[in-house]
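Only one chain is shown below, in structure tokens, and it's the form predicted on its own.
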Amino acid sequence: MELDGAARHPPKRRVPAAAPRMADPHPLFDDTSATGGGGTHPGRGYGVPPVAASSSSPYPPPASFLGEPVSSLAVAYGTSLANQGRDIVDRNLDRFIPVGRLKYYFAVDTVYVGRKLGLLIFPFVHQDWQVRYQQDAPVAPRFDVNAPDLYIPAMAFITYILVAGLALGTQNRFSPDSLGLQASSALAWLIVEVLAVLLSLYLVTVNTDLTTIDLLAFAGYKYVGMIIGLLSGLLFGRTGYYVVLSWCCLSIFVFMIRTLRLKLLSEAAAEGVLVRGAKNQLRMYLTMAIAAAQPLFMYWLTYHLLR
């Protein structure tokens, strides 16, 4: 029985282990199946891409050699364009609006403002109207009450718009459109007045040191009297408005005559007498016309605000 079982199950044969293969010293192709990127030649084949260099490497990444010069060049180019644009804007702005000159007209203080307002309302007792100079340049307004400024005209214009809105509100006629129309109308008449004076000076060929900003300042002083007239009308009715506005109109007329005669009639003012001549008479008529236009504008811009 045992012999039959042994014959039925033949003994297993032991297969000798295969000898290890020796690496080919001259491989025909590189092995790219490894996950490390292809053995000693990373980047060949289609394995996982090589790991980026750590930040502790002393050498910058390859992209920095191109990024840094390009960014520096762009920054330098943008800075040069910005500087050129600023120079062009400053040059053209100074041609039409002398920003440096405007600082002179706002060099005021509280004492000057108080004295100037008193001069605008009571110009009859003032004696010396000559603007003082220092090294061929007029002194700042805060040192000379006769010097023109833009602070009072600017503040008076804004206050006039606010008082006009108050006057319209007390009569139930206020609306944003009406207030905007009032502001734009006052500004338009101011510009027309200054342009008309400039055209008249050009036609008469008057050699004067009056600038456009000076004319704007003198034309803006009338808003002080307009504010006082409107407030008087709100407090005392139409009678108070006409009485106070008439006084303010007379004051601004005298103020403009005594101020502009030194600018437009400099030769006659220096001699103390009026020079008999056609050109000087034109200057005198022009001075009178500019002064007489102030009361007309004061009445035109305020009468419709009170009923």
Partner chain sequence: MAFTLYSLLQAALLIVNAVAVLHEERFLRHVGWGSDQGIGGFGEEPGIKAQLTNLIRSVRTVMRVPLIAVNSITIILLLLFG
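As the structure is a prediction and not an experimental result, all values here were calculated from the model. Positions refer to the first chain, counted from 1.
What comes next is about the form predicted together with the partner chain, which is not displayed.
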Single option in Q171, S184, Q134, S175 placed near the partner chain in the model of the complex, where near means a heavy atom within 4.5 Å: S184
Contact residue in the model of the complex, from A82, A74, L235, V192 (heavy atom within 4.5 Å of the partner chain): V192
Site check L199, Y202 and T205: each within 4.5 Å of the partner chain in the model of the complex by heavy atom: yes
4.5 angstroms heavy atom contact with the partner chain in the model of the complex for A188: yes
Proximity of L282 to the partner chain in the model of the complex, heavy atoms at 4.5 Å: yes
Interface segment, criterion being heavy atoms within 4.5 Å of the partner chain in the model of the complex, picked from 158-166, 176-184, 105-113, 118-126: 176-184
Within 4.5 Å of the partner chain in the model of the complex: residues from 102-125 (heavy atom criterion): none
